[in-house]
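Below you'll find only one chain, the form predicted on its own, shown as structure tokens.
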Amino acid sequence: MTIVVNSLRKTYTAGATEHLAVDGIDLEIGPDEFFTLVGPSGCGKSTTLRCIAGLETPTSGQILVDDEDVTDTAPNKRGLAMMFQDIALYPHMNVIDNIAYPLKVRGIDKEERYERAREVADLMQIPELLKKYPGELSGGQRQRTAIARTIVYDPRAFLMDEPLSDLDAQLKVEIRKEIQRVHERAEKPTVYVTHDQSEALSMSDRIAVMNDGNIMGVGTPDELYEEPENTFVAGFIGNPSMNFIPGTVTDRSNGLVTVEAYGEEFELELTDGVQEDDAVEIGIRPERVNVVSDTEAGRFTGRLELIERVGDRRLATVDVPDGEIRALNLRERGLQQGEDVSVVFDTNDIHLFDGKTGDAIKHPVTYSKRGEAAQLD
């Protein structure tokens, strides 16, 4: 079972103003695939999902579900299950009736729909809640009930629009596992929408990063992190986000290119993609950057403005003469805010982007491939 989106375009008109929400995108979601649409608010991800569900009518384009053109098919005829950000359980119905309601709408007799509701309640580990009402449930219990209601009638695919956005951090992790477990058991496509890139990276087989109604990049979590197509994807995927350092190509010869950035020169291996005097941006992940007290040790010298705790690591923000650089690879203890420090990183970890278009020119050899090369040596 596949879902294919061809040249999908959606505009809204408000008075004399036309707003472009989705700008001619193409997608293909494969069988059994957990596919996530991620991006900032207003990027078009929820509109895309609603067009797939049939809740919005595309301005142009085509939507295929298992090779069937459903572009003009009513939502209830598409065989897709939709879960919204707003759980919206019926307060006057107990849990079993809430779960069974989609089957009631489809005319399935009471005995069968209750039997199937009990089966999915067992799957979601809430069989003891069937006689309770939504007002008696915790947030996690309501979320499990909503998931059970979504999967009860055995849809062709699951569509989920930011279902975890209203939950606290601990509960998000818990329900995220439940959604993945349901997806793996159902063996059907899931199209998931979120603005949280950490959710996308942890749950997805593939991800489409959206901005301003466009697809900026599509790939596996590793592909988007290690080889982003452009500066938008590079900056959006990863937490903390990638450092960008503007520079200029000063020399290109013998398979090498020299880039001047923040007054320093970087020599990189490169065969094509740039010419002398081209504007470029150096990208470096904070995870690959260290800060040391020896001001002669690194590429840049600056003032250590801020140290923040990120899990078991520390994130340092260093003000350098022409900008700031963040480092998450602090190995030296005792560093203090306000002191002069040096920023250290390896040129092998540098990404290079076109300074005008933002398109990727060069990526580092991925860390996994470096390990493979070392073993071969």
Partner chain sequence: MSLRESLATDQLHRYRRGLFESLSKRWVFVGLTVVPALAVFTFVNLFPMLWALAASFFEVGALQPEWNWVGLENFRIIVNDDRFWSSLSRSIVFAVGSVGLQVVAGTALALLLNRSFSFKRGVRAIALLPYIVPSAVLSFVALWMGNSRYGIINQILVQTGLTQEYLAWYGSLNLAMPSVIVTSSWKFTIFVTIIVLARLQSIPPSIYEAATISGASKLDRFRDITLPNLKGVLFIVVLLRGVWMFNKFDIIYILTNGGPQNRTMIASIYAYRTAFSDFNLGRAAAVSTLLFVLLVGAAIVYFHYFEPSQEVRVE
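The structure displayed is predicted, hence computed values, not measured ones. Residue numbers count along the first chain shown, from 1.
The next section is about a form of this same protein that is not shown, the form predicted in complex with the partner chain.
S.K.: Does at least one non-hydrogen atom of residue 122 fall within 4.5 angstroms of the partner chain in the predicted complex?
M.R.: No, residue 122 is distant from the partner.
S.K.: Answer for residue 171 alone: is it within 4.5 Å of the partner chain in the predicted complex, judged on heavy atom distances?
M.R.: No - in the predicted complex, heavy atoms of residue 171 and the partner chain never come within 4.5 Å of each other.
S.K.: Within 4.5 Å, heavy atoms only: does residue 104 come near the partner chain in the predicted complex?
M.R.: Within the cut-off, so yes.
S.K.: Quick check on residue 255: any heavy atom within 4.5 Å of the partner chain in the predicted complex?
M.R.: Close contact is absent here: in the predicted complex, residue 255 is far from the partner chain, nothing within 4.5 Å, heavy atoms only.
S.K.: Tell me, out of 245, 80, 126, 164, which residue has a non-hydrogen atom within 4.5 angstroms of the partner chain in the predicted complex.
M.R.: Here the answer is residue option 80.
S.K.: Could you work out which of 53, 328, 70, 29 is the residue within 4.5 angstroms of the partner chain in the predicted complex, going by heavy atoms?
M.R.: Only one listed residue qualifies here, and that residue is 53.
S.K.: Just one of 181-189, 285-293, 96-104, 209-217 has heavy atoms within 4.5 Å of the partner chain in the predicted complex; which?
M.R.: Result for this chain: 96-104.
S.K.: For the stretch 244-268, return the residues whose heavy atoms include at least one within 4.5 Å of the partner chain in the predicted complex, in the order they occur.
M.R.: Not one residue comes within 4.5 Å of the partner.
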